[in-house]
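The chain below stands alone and is given as structure tokens, in the form predicted alone.
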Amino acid sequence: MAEQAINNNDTSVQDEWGQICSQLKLEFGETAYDSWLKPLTIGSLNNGVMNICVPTTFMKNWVITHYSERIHKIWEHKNPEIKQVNFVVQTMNSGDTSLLKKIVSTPTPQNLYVSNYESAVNDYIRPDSSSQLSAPLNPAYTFDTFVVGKTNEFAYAAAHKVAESKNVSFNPLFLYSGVGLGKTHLMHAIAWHIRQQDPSRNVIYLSAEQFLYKFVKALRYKDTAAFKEQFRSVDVLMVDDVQFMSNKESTQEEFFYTFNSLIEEGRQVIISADKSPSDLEGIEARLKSRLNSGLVADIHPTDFDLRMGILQNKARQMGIALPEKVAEFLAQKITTNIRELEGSLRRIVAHSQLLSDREITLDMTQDVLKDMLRSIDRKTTIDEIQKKVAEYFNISVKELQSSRRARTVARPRQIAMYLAKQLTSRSLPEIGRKFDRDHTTVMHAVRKVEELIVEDTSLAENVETLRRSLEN
């Protein structure tokens, strides 16, 4: 099929896109849809490849990371002729600003990125004003909507303390966790709380990637003095995912001096990352030291009770009745990522609502999520878990399966049982047989590791490292 541009007369594809947008809105929620998906427009269709236009490179990268796979699956289901979905940054002549005007007129958080898009049209980037420095905040990410459990209660308490008081005994606050465990939620919650409690305080929240972008822009246009003034005059500076500064020496240097300036003046600094300061790779020693100088709070992987609480809380927000069996099934199956857990619930609800309020049942849940469940089940086997854990703790698989009770063997065995329960669909008796144990021993091991994850930071990091290696 020759390449064709999609226009208003291509009703079938336009209708498909409209239906897809409706489903995406139901699955991901109105806020995420308005922020990241509403600005997308369909472009050309060529040999089964659909091009979707995105207004900025930043938005393109975000959409590809968080939504592209789901968009492709929905469209492929609706139209098998579409084999691939690409995302391209919309290019325009300087006089063609209709798309820009359309985005600007939409009162959503992505408007804060319009300055980047407009600069591409005019080939000039205007200096940021203080009000433009901060990235948009998700209104759903507040302290009220954050579900607290054993694995995150310390980080929550620290975040709430910083948000409540202008002067705290620890500065900076450094939050870290694996992907999708709530650190960005807490960052947004702090910013919302401070802004609502004292609107006069200048709170800047942005990702490390955005800090890097703004610094490079200032260098390009020889406007570093304005950059320094903007960032060193804020009351609260919040930088998310600081690991993205890895090996960016110039950016790290500027951030270090900005950091020092704010701390010395008693301004609050809040940082998040995927690892503790000491474990960040490609970060200068002096910056690591500074990041370690305040309070470091980690968020551990969720336990079953916390996942149940998150699902029940989300169901209440969505105004739906979630059967307990369905909630238990999701909490047992989707263990690594809160975003995936909530996304799965939204998919189930969307399916139910799109099919004339079909009742949410366990069978329906398993059918709707069969692609995800297959992916989870095929990622790891108990044999793979045993081999990986044995290698990690420098023991043999035979020792894991043996009757030895020495701590150097017993603890890795418990961790292997815990990971087998978390990462496979095998029953407790099936897991037990792989270790030559009964199901009650596996139950005890799972409970014990869940308790230790909260109490022992070192063990929690070991478990998280093993989990990531098994999932990759």
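The structure presented is a predicted model; accordingly, all values stated were derived computationally and were not measured. Heads up: residue numbers just count along the shown sequence, starting at 1.
Just so it is clear, the following notes concern the form predicted together with a small molecule, a form of the same protein that is not shown.
Residue contact check for residue 145: one or more of its heavy atoms lie within 4.5 Å of the small molecule in the predicted complex.
Shown alone here, residue 182 lies within 4.5 Å of the small molecule in the predicted complex, counting heavy atoms only.
Shown alone here, residue 297 lies farther than 4.5 Å from the small molecule in the predicted complex, counting heavy atoms only.
Contact annotation for residue 254: none of its heavy atoms lies within 4.5 Å of the small molecule in the predicted complex. Listed stretches are 210-218, 362-370, 333-341, 390-398; the contact stretch with the small molecule in the predicted complex is 333-341, by a heavy atom cutoff of 4.5 Å. The three marked residues, 141, 177 and 310, each reach the small molecule in the predicted complex, with a heavy atom inside 4.5 Å. In summary, the C-alpha positions of residue 430 and residue 364 diverge in the predicted complex, ending up at least 3 angstroms farther from each other than in this conformation.
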